[in-house]
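Consider the single chain below, provided in structure tokens and representing the form predicted on its own.
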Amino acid sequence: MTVAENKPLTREVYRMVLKGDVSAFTAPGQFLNLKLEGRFLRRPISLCDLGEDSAAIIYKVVGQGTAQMAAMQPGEKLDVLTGLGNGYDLADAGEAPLLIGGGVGVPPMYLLAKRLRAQGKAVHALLGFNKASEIFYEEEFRALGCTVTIATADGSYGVRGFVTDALPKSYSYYYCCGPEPMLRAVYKTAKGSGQLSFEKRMGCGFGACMGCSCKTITGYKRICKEGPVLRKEEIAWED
């Protein structure tokens, strides 16, 4: 694929648009796996948005690999595995779904919101960040017609606290993506059923190496293949 755009959204968070064959993507919540020059393992990044011949991803610069990505310029080529993972199932959404995203767990919520709004659903997006300077995509969700609530851990914007401190009283179903401590808190606090997207260190990214297996109530599943999205009822937390 070819880098078409690569711009910062905040000091550490970037949005990259890749041009190429995106026909393997079938659902929001899937991811792609980027091969970076000089790096042994690929970088799995969630899909944020999808066009006819383009895929947008949002990533945070946290190490040498993502710093390498941030330096890429339009026109550069990348070896990319696309359409990985199972993605979210929209069939259970109901009429008023709640989308909960924390930090770099926010991007997959955007494409999900876009698809749910196209179905006429009343979408509430609850987005969590550490502080005001780290917020991104608030206006993009509003532009889709979503109700948007922002929570910041330091109280510098929106609701003070975590996403679990800002859960609405009423919603039909929930979808969630973020760091595992947040997923655990949402699992314990949110009412009703939902789907949660998990992060794991991956080797191959497509189910061959078994390196990202996790325990569920029905046995072990590969986060890259049978996941990253698991239903609330099948999650078996490991200490």
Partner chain sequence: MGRLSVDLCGITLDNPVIPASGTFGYGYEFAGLYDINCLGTFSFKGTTRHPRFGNPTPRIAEAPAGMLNSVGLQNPGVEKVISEELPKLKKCFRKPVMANVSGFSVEDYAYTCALLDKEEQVGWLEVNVSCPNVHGGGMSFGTDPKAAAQVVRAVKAVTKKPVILKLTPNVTDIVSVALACQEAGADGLSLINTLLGMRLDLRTRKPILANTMGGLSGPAVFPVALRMVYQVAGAVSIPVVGMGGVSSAADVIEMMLAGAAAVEVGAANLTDPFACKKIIDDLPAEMDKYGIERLSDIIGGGHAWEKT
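Computed from a predicted model, the values in this text were never measured in an experiment. Residue numbers count along the first chain shown, from 1.
Same protein, other form: the form predicted in complex with the partner chain, not shown, and the subject of what follows.
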| item | value |
| --- | --- |
| Stretch in contact, per heavy atom within 4.5 angstroms of the partner chain in the predicted bound form, of 23 to 31, 171 to 179, 188 to 196, 42 to 50 | 42 to 50 |
| Residue among A153, L81, A96, L78 with a heavy atom within 4.5 Å of the partner chain in the predicted bound form | L81 |
| Within 4.5 Å of the partner chain in the predicted bound form, all of R117, H124 and E139 (non-hydrogen atom) | no |
| Heavy atom of A56 within 4.5 Å of the partner chain in the predicted bound form | no |
| Close approach of A70 to the partner chain in the predicted bound form, 4.5 Å, heavy atom | no |
| 4.5 angstroms heavy atom contact with the partner chain in the predicted bound form for T66 | no |
| Exercise: M202 in contact with the partner chain in the predicted bound form, heavy atom 4.5 Å | yes |
